[in-house]
Structure formats: structure tokens, C-alpha cells
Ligand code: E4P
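Okay, so here's just one chain, in C-alpha cells, the form predicted alone.
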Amino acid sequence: MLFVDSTDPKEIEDIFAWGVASGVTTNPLIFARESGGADLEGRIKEVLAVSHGHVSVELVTEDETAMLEEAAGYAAWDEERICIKVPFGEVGLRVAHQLSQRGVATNVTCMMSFNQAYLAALAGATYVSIFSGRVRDTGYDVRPTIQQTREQIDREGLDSEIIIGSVRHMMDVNDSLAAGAHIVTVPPPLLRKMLHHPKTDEVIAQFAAAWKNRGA
């Protein structure tokens, strides 16, 4: 599956019209880049209105009690569709576990290793997010991490799904899906690049020209 990694309602609406997206992910960095001084609640509600599936909203507090309160506020915007994005760590695991016990969807994020993803899955995360580009930045191939995580989830019958984020190239999408990721979350510019192949453009142009010139 593909999610859209964006906070831009227009881009999200356009891509959902293709019929290929199943959810949306956001994070504070994307929000700061795309939304400027926009109100978070207002912008997320705009995103909800033009999409379907889970919309991940990331916690920015760091204390356990504060994180749980923040999560409750976000979940109230749409209890069925808001997915609480929880930064990985000891506190994050405690928060994700408590939210999962309350039936709140969670996306444990910023993970770089099998160990981290496995712990998040055991804690009950709905999604475990592995950051492909960030792993590659350290000089490692992310595919074994994805494969090992998927195999362990399947072996133990855990309910978590793997989301691959921080994708920068079309091959990141291809490699992640081939390695066993359930979902890749992709920025709109990269999704648009996935539309194109020079040979496809050439053949369509040939067909159009042949039809236009028929009988000439």
C-alpha cells in the first residue's frame, strides 16, 4: 500500500483522486515546511476531509503524562481515523502501549533497526515506521531490516504493519515493498515521478499521432 506523506490538502486531494493512496502521514518537519503558521487542528481536519484511512499526527511533548493528554486531544478530532504518531523510545513505548490498550491507533516512528521495530510491535503499535533514507545515510542497506521485521511479525502473528518513511527515490519505494513492507509513505513530488516512464510517453504519443493522421 501507499500513504501520502504530506500536510498539503490540495496535493493530498489530487493524489487520492488517483485511487492509489490508503492513508496519510504527517510530521512536525513537514508541517513546518508546508503549513507555516497554519493551525494544526484546522489543517489536519482539512486533510481528513480530502482523504480516507488513517491520518498520522505526531506527538511533540516528551513527558509521558503530557504525551497521553496530547494524544487524547488529537484522537478527539476523529476517533476512527486519527493515528497517534509516537516517537520511539522508552517513554514512547509506554505511551504507545497504553494507547493501544485503549483502542487508539498508533504509529511508532523514527526507527532505524529491527530491534526497535520489534519492540514497538510487541508494545502493540498499529504501525512501525522505519526510516529508509535515514538508515541509508548511515551507510547501511535498509532492506535486511525490513525483511527481518516482516518475518518476525508474521512468525509471531503480531498485528503491526510496517511503514517505510524517509523515502527519497523511486527505488526506495520498490526496494521497500520487495523486502516486505506493508506500506510506503511517499511525498507527492515522488509519487508524481512514479507516473512517468519515457517509453510510456513515447508510445502514447505514437498512438495519438496515428489516430490523428488516420486516412491522411
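Worth saying up front: this structure is predicted, and the values here are computed from it rather than measured. Counting begins at 1, following the sequence as shown.
Keep in mind that the form predicted in complex with this ligand is not shown, yet the notes after this line are about it.
In plain terms, the part of the chain that comes close to this ligand in the predicted bound form, with a heavy atom within 4.5 Å, is 160-168 out of 175-183, 47-55, 160-168, 61-69.
Taking the partner from elsewhere, D8 is found to have every heavy atom lying beyond 4.5 Å of this ligand in the predicted bound form.
Under a 4.5 angstroms non-hydrogen atom cutoff, this ligand in the predicted bound form has F131 among its neighbouring residues. Proximity of L40 to this ligand in the predicted bound form falls outside the 4.5 Å heavy atom cutoff. In the predicted bound form, this ligand sits within 4.5 Å of a heavy atom of N27. For the stretch 65-89, the set of residues having any non-hydrogen atom within 4.5 angstroms of this ligand in the predicted bound form comprises only K85.
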